[in-house]
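Shown next as structure tokens: one chain only, the form predicted alone.
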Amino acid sequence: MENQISLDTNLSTNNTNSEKTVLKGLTLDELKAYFAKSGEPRFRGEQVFNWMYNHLVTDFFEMANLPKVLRTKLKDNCEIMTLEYVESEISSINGTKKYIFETKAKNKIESVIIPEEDRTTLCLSTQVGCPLDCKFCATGLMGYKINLTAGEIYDQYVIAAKDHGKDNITNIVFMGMGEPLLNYNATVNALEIFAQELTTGISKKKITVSTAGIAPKIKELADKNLNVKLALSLHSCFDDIRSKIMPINDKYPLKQNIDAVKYYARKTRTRITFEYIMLNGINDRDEDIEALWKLCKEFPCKINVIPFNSLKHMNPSGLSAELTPTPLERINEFVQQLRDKNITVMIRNTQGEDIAAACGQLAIKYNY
């Protein structure tokens, strides 16, 4: 499901059609086109864009520089918000906050705010569930239901920013529920909205898209020239192991994805991040260190090492139930050996595990 916006609706004083046009999710050019087709000046699209995405306004009557008659027409014919706040939970350990939102179709999704010493990161979802079935991920265990629209992606930011403070959110990561590049058009529309100078003021350098490895779409995203950061969920440098824990590797194997991220790095002049969840006895061996070293010598990149977080809240079966975290002592040893080889490695500390909000734990069990 792509961004469900029709540009064919004309504004009229009284709209008898109960299906209103959702403006949230339209890019700047799309908003200008919408108003032009509605018989209004194109600059009205820029004004509405500024109100929705910069000032985070959710009521047409707060758009003070629009004529009152136009605000009335917009209220009768259009909608702004795509999500409703359901509930939230805050970690008593580190202040990580998990939100649950509901779409108009009554699907629930989760987003997370992660406060750290030098930044505050908002983690956005792009799908209701996920079709990739990665064995270490709770979202994969809940299955896939539907793609989010660009408006539903952006409204996670709107609600969280109003709650947490817009100026307090410094970074955005597309790392929540779902695979962003399998919802490519809506993801790109949301990125284009964030990238506009009229929007939030969050630099593109502070926005990261995480992918399990959809090689053709990685290259396509590079050609969009949005130049946001890219993170590849690597988790192993060996195809047999990666396919075991990430079935998508059978369709897009390592070489294809490594070629794609190299292309992305060259085209955008950004450094690739490799996400690496540490799984005891699976990808924490000496040969894994050697393989990572050889890979990271080839082009500018860094590794985010992530402790495996429990999936017990999902009552997993099969391989997912058998996975255990690499002991902390081995994680530290693993990281140090890579650093000794002049590889940039960060350890992403677990945040929000007590509220099932840590990396790999997002899932709504009652969507179905």
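Just count from 1 along the sequence shown to find any residue number. Since we're looking at a predicted model, the values are computed, not measured.
What comes next is about the form predicted together with a small molecule, which is not displayed.
Undergrad: If the cut-off is 4.5 angstroms on heavy atoms, which of these, I306, I343, L28, L66, is the one near the small molecule in the predicted complex?
TA: Among I306, I343, L28, L66, a heavy atom within 4.5 Å of the small molecule in the predicted complex occurs only for I306.
Undergrad: Which listed residue (L338, C301, L311, I331) meets the criterion of a heavy atom within 4.5 Å of the small molecule in the predicted complex?
TA: After the contact test, the surviving option is L311.
Undergrad: Heavy atoms within 4.5 Å of the small molecule in the predicted complex: which stretch among 292-300, 172-180, 86-94, 191-199?
TA: Checking each option against the 4.5 Å cut-off leaves 172-180.
Undergrad: My question is simply whether C137 lines the interface with the small molecule in the predicted complex - judged by any non-hydrogen atom within 4.5 Å.
TA: Yes, contact at 4.5 Å.
Undergrad: Contact with the small molecule in the predicted complex for E275, defined as at least one heavy atom pair within 4.5 Å: yes or no?
TA: Residue-level check for E275: yes, a contact with the small molecule.
Undergrad: Going by a heavy atom distance of 4.5 Å, is T187 a contact of the small molecule in the predicted complex?
TA: Judged by the heavy-atom cut-off of 4.5 Å, T187 is well away from the small molecule in the predicted complex.
Undergrad: S210 near the small molecule in the predicted complex, any heavy atom under 4.5 Å?
TA: It does: once the small molecule is placed as it appears in the predicted complex, S210 has a heavy atom within 4.5 Å of it.
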